[in-house]
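Below, in structure tokens: the form predicted alone, a single chain.
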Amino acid sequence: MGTGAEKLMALDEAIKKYVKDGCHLSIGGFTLNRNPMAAVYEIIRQRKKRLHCYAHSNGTGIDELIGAGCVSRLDIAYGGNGKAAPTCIRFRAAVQQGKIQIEDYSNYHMSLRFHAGAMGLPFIVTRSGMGTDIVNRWGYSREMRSKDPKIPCKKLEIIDNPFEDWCGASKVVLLPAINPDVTIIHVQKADKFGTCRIEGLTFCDADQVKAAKNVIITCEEIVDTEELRKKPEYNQIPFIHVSAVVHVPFGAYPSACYNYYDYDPQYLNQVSKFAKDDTLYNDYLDRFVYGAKSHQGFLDMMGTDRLANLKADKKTGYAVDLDRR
């Protein structure tokens, strides 16, 4: 395991340097888990606009970015916040009102697209999706695609299987790779050079990182490189892919970070109520995002007792007595 240059950076500096208006942005996590929320709130505070976002199945992260008006286009499989919002509220409203354009893929399709990007391939082959409307219905017009060289000229392509005599399938689906300008993920542990360890489920985060031109890592802990070297097989992300490392304890809050803290059902339920009304949601942003100035300021608004109640049980990795209603 090598080291390279130190990459420690303040969160506001990392967002300012790498997340530009109109850039293609991928964020990690899955529904209620490990959304890079500190980074999301900083993007909103810096009032980034016209982002083309990519997410596997995301939750409050993508919903807040859309609700704050940061997103113009989105490639996604699913957006939801568990019981608080089985379908993300600002996301759904923006699609229904035509405020954002969306390209719809399945979970497996998005996984494959990130994997293709990580491998440096222009596309990847699958049989998944045949016979579904995902194949037939396209969200981005051919005219729009022709005007943006970062968007593939087609949603997908169906071709004859050149190995039909061998495996029997007459047709296969080609899915275009994703290569974001920036990927942001939240991890449990990282060293100052960018080697990362994700505890628990990794989702598509490692491929999202490897597919991107620049990568911002937010983490619960900065640890010594020697600690990560003791069990290198548990380190999913090598330092060579990482542009910036930001130490942000509770950086996934209000989503969960396995082995550290659970998601906050009270907060997510409250935000879901605000999200159903434009005025209430704008008031929410003014108070809890723009008014917080930093992620630590936001956490201070929540209070230490509330955060302590979310602390993960050492055996399960979750808060075992948490009221999730």
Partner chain sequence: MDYTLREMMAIMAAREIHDGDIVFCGTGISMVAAMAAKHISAPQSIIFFETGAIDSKLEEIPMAVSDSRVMYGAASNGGLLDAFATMQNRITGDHVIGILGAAQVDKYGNLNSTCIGDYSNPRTRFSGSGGACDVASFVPRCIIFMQHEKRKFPVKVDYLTSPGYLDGPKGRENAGLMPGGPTAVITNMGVMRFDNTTKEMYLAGYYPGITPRKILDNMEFSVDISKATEVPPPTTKELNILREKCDPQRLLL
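Note that the structure is predicted; figures quoted are calculated from it, not measured. Positions refer to the first chain, counted from 1.
There is another form of this protein, the form predicted together with the partner chain, and it is not shown here; the text below is about that form.
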Does every residue of Ile102, Asp133 and Ala212 put a non-hydrogen atom within 4.5 angstroms of the partner chain in the predicted complex?
-> yes
Non-hydrogen atom contact Cys204 with the partner chain in the predicted complex at 4.5 angstroms = yes
In the predicted complex, His247 touching the partner chain (heavy atom, 4.5 Å) = no
Would you please decide whether Gly79 lies within 4.5 angstroms of the partner chain in the predicted complex, comparing each non-hydrogen atom pair?
-> yes
May I ask you to check whether Ala256 falls inside a 4.5 Å heavy atom distance of the partner chain in the predicted complex?
-> yes
Which residues within 122-157 place at least one heavy atom within 4.5 Å of the partner chain in the predicted complex?
-> Thr126, Arg127, Ser128, Gly129, Met130, Gly131, Thr132, Asp133, Ile134, Arg137, Trp138, Gly139
